[in-house]
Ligand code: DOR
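Next up is one chain by itself, shown in structure tokens, the form predicted alone.
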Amino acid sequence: MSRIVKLSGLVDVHVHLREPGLEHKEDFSTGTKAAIAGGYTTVLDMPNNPRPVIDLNTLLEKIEIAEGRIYSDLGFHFGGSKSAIQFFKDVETQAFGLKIYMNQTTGPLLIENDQELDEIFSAWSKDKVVMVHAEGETLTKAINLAKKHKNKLHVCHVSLGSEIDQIKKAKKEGMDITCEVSCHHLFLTTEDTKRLGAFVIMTPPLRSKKDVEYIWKNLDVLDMIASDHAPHTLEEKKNSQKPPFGVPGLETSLPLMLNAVNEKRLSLERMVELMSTNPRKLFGLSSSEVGEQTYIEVDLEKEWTIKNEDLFTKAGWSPFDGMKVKGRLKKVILRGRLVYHDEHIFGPFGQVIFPNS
């Protein structure tokens, strides 16, 4: 039995497509194919490449090499650093958000100096979003800086119950603050580390079952689900003495969430808010075509198994390999064009997009 429903095209505001510099892990072509296969018609790429996106020329280079090769629509974030401040005005029309790394992760953009952080928060446009990687106690620092400088603060990959409490409190106080959670922090816990080992080494790390349950109980605090798609090769994960942080997530987020809908953990309407409506609203993405010319169709009754060999990401693996789920993507329409149907992808028909375009 099938039950086909039409939904708005999904938006992922937090992906790492690895190009330029790490194309052996992923590139704009394979990454946006993975996006389409996951029901995402728009994705926004992070700036922590080997040569970080902290100046105008590097951002323009990314835009140029993406054009004509992408299957979903693709936009870009800018990196926060002291040297990047001089370019903030130049990139306002090019970049969707400013990403500030306040805890250790992949890439060279970690900032721990309080004076530098203060200058960066102060200089960024108050009309545009500041996105932070800020875990635990560092989140308090980010919230205080955003309050001081009246920034729009977006907290990436929330993973702790204590972070939920901080964000809830800030919202009640009227602060302009939003947050996201990734599916690996909703469906995996520290207990899965024994089974999956290096394949679930990530930052923030997997948390306790108690933290995961607390996030599910407080879904009303969350504004969106973002994959934090961070692909690495099987070889890098299996055979490195120090395996890199991150897991692929573009192709598994929708089926995991549809399965959760079927399990009555949230409504279909709430899922669409978290994966389409809210990210569009927060990041100023056009919604004029959504539902008319850009949409997806899913079969809510389809039962199937996530398998590594079926993935389009260049990484070719998922921590959810072998998981049985109910609910599957059937079709993706982008600006009136058929770009995905029953596991076949057509294109590339994606466009590089810009704020308020």
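In this text the structure is predicted, and so the values were computed from the model without any measurement. Counting begins at 1, following the sequence as shown.
Here the subject shifts to the form predicted together with this ligand, a form of this protein not shown in this document.
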Open item on the list: On the criterion of a non-hydrogen atom at 4.5 angstroms or closer, are 41, 154 and 280 all touching this ligand in the predicted complex?
Closed with: no
Task: Proximity of residue 202 to this ligand in the predicted complex, heavy atoms at 4.5 Å - done: yes
Open item on the list: Is residue 48 part of the interface with this ligand in the predicted complex - any heavy atom within 4.5 Å?
Closed with: yes
Task: Distance check, residue 230 to this ligand in the predicted complex, heavy atom within 4.5 Å - done: yes
TODO: Flag residue 75 as yes or no: does it have a non-hydrogen atom within 4.5 angstroms of any non-hydrogen atom of this ligand in the predicted complex?
DONE: no
Task: this ligand in the predicted complex: contacting segment from 111 to 119, 160 to 168, 241 to 249, 272 to 280, heavy atom within 4.5 Å - done: 241 to 249
Open item on the list: Using a 4.5 Å heavy atom cut-off, which residue among 259, 106, 178, 81 comes into contact with this ligand in the predicted complex?
Closed with: 106
- [ ] Would you mind checking 10 to 35 for residues with a heavy atom within 4.5 Å of this ligand in the predicted complex?
- [x] 16, 18
